[in-house]
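One protein chain, two forms: both are listed below as C-alpha coordinates, the first as structure 1 and the second as structure 2.
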Structure 1
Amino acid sequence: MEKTGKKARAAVRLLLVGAAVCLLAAGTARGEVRTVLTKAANICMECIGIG
(Lines of atoms letter the chains of each structure in order from A and count residues from 1; the text may use other names and numbers.)
(Lines give C-alpha, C1' and ligand atoms only; values in the text may rest on other atoms or scores of the structure.)
Protein backbone atom coordinates (compact mmCIF):
# COMPACT_ATOMS: atom_id res chain seq x y z
CA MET A 1 0.00 0.00 0.00
CA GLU A 2 2.75 2.38 1.06
CA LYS A 3 4.78 1.38 -2.00
CA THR A 4 1.87 2.31 -4.29
CA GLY A 5 1.55 5.67 -2.52
CA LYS A 6 5.27 6.32 -2.97
CA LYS A 7 5.08 5.47 -6.66
CA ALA A 8 2.06 7.74 -7.16
CA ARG A 9 3.83 10.60 -5.37
CA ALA A 10 6.95 10.12 -7.46
CA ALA A 11 4.85 10.19 -10.63
CA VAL A 12 3.05 13.38 -9.55
CA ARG A 13 6.36 15.05 -8.69
CA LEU A 14 7.85 14.12 -12.04
CA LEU A 15 4.74 15.40 -13.80
CA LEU A 16 4.92 18.69 -11.89
CA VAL A 17 8.61 19.22 -12.62
CA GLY A 18 7.90 18.51 -16.30
CA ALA A 19 4.96 20.93 -16.28
CA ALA A 20 7.10 23.59 -14.58
CA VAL A 21 9.82 23.27 -17.22
CA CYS A 22 7.22 23.49 -20.02
CA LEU A 23 5.60 26.55 -18.41
CA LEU A 24 8.98 28.26 -18.03
CA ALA A 25 9.73 27.60 -21.69
CA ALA A 26 6.28 28.79 -22.80
CA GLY A 27 6.55 31.94 -20.67
CA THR A 28 9.96 32.69 -22.09
CA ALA A 29 8.74 32.13 -25.66
CA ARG A 30 5.84 34.54 -25.33
CA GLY A 31 7.92 37.32 -23.84
CA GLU A 32 7.01 37.26 -20.15
CA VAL A 33 10.69 37.43 -19.20
CA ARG A 34 10.93 40.96 -20.56
CA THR A 35 7.85 42.05 -18.57
CA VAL A 36 9.34 40.63 -15.35
CA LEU A 37 12.77 42.13 -16.04
CA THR A 38 11.34 45.57 -16.85
CA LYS A 39 9.36 45.58 -13.61
CA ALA A 40 12.13 44.16 -11.42
CA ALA A 41 14.97 46.27 -12.81
CA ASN A 42 13.20 49.57 -12.05
CA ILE A 43 12.23 50.85 -8.63
CA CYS A 44 8.64 49.69 -8.05
CA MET A 45 7.00 52.75 -6.51
CA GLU A 46 3.93 50.77 -5.40
CA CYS A 47 6.05 48.11 -3.70
CA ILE A 48 7.97 50.61 -1.59
CA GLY A 49 4.80 52.52 -0.68
CA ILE A 50 5.07 55.64 -2.79
CA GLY A 51 2.45 54.68 -5.33
Structure 2
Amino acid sequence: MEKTGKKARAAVRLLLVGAAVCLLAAGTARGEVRTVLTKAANICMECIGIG
Protein backbone atom coordinates (compact mmCIF):
# COMPACT_ATOMS: atom_id res chain seq x y z
CA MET A 1 0.00 0.00 0.00
CA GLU A 2 2.90 2.32 0.75
CA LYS A 3 4.31 2.02 -2.78
CA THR A 4 0.96 2.91 -4.35
CA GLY A 5 0.83 6.16 -2.36
CA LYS A 6 4.37 7.09 -3.35
CA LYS A 7 3.64 6.39 -7.01
CA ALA A 8 0.48 8.49 -6.88
CA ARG A 9 2.35 11.39 -5.29
CA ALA A 10 5.11 11.14 -7.86
CA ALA A 11 2.53 11.16 -10.65
CA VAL A 12 0.81 14.23 -9.23
CA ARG A 13 4.14 16.03 -8.88
CA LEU A 14 5.07 15.19 -12.44
CA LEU A 15 1.69 16.39 -13.68
CA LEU A 16 2.01 19.69 -11.79
CA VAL A 17 5.54 20.28 -13.06
CA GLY A 18 4.38 19.56 -16.61
CA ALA A 19 1.47 21.98 -16.24
CA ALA A 20 3.80 24.66 -14.86
CA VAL A 21 6.21 24.25 -17.77
CA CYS A 22 3.34 24.48 -20.27
CA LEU A 23 1.99 27.64 -18.65
CA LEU A 24 5.44 29.24 -18.54
CA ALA A 25 5.92 28.46 -22.23
CA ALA A 26 2.50 29.88 -23.09
CA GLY A 27 3.19 33.10 -21.18
CA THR A 28 6.58 33.47 -22.81
CA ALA A 29 5.10 32.93 -26.26
CA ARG A 30 2.51 35.65 -25.61
CA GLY A 31 5.19 38.17 -24.62
CA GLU A 32 4.17 38.34 -20.98
CA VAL A 33 7.79 38.40 -19.81
CA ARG A 34 8.19 42.04 -20.80
CA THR A 35 4.91 42.96 -19.13
CA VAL A 36 5.85 41.29 -15.86
CA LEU A 37 9.31 42.86 -15.79
CA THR A 38 7.88 46.30 -16.55
CA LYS A 39 5.34 46.03 -13.75
CA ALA A 40 7.98 44.73 -11.34
CA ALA A 41 10.28 47.65 -12.13
CA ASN A 42 7.45 50.15 -11.63
CA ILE A 43 6.52 48.65 -8.29
CA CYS A 44 10.14 48.72 -7.14
CA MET A 45 10.51 52.34 -8.19
CA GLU A 46 7.35 53.27 -6.28
CA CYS A 47 8.46 51.43 -3.14
CA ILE A 48 11.88 53.06 -3.17
CA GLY A 49 10.33 56.42 -3.89
CA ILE A 50 12.19 57.19 -7.11
CA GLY A 51 9.19 57.09 -9.43
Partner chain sequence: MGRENKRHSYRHWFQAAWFALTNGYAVGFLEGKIYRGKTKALCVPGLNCYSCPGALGACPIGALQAVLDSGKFKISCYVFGFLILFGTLLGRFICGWLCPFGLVQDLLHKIPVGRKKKNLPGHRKLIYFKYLVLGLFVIILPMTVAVTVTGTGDPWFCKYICPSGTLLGGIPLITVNPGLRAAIGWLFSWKMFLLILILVLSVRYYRPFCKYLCPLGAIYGWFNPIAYYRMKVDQEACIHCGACHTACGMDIEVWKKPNSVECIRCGDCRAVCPTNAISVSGIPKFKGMVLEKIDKTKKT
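Residue numbering: sequential along structure 1, first residue numbered 1. Here, rigid core means the biggest group of C-alpha atoms that superpose within 1.5 Å across both forms. Every value quoted in this text rests on a predicted model; they were computed, and no experiment measured them.
Sort out for me whether 1 or 2 is the form predicted together with its partner chain.
-> The form predicted together with its partner chain is shown as structure 1.
Rigid-core frame, C-alpha of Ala8, shift of 2 angstroms or more between structure 1 and structure 2 = No, the C-alpha position differs by under 2 Å between structure 1 and structure 2.
Rigid-core frame, C-alpha of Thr35, shift of 2 angstroms or more between structure 1 and structure 2 | No, shifts by less than 2 Å.
So, with the core fitted, how far does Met45 move at its Cα between structure 1 and structure 2, in angstrom?
-> Reported C-alpha shift between structure 1 and structure 2: 6.8 Å at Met45.
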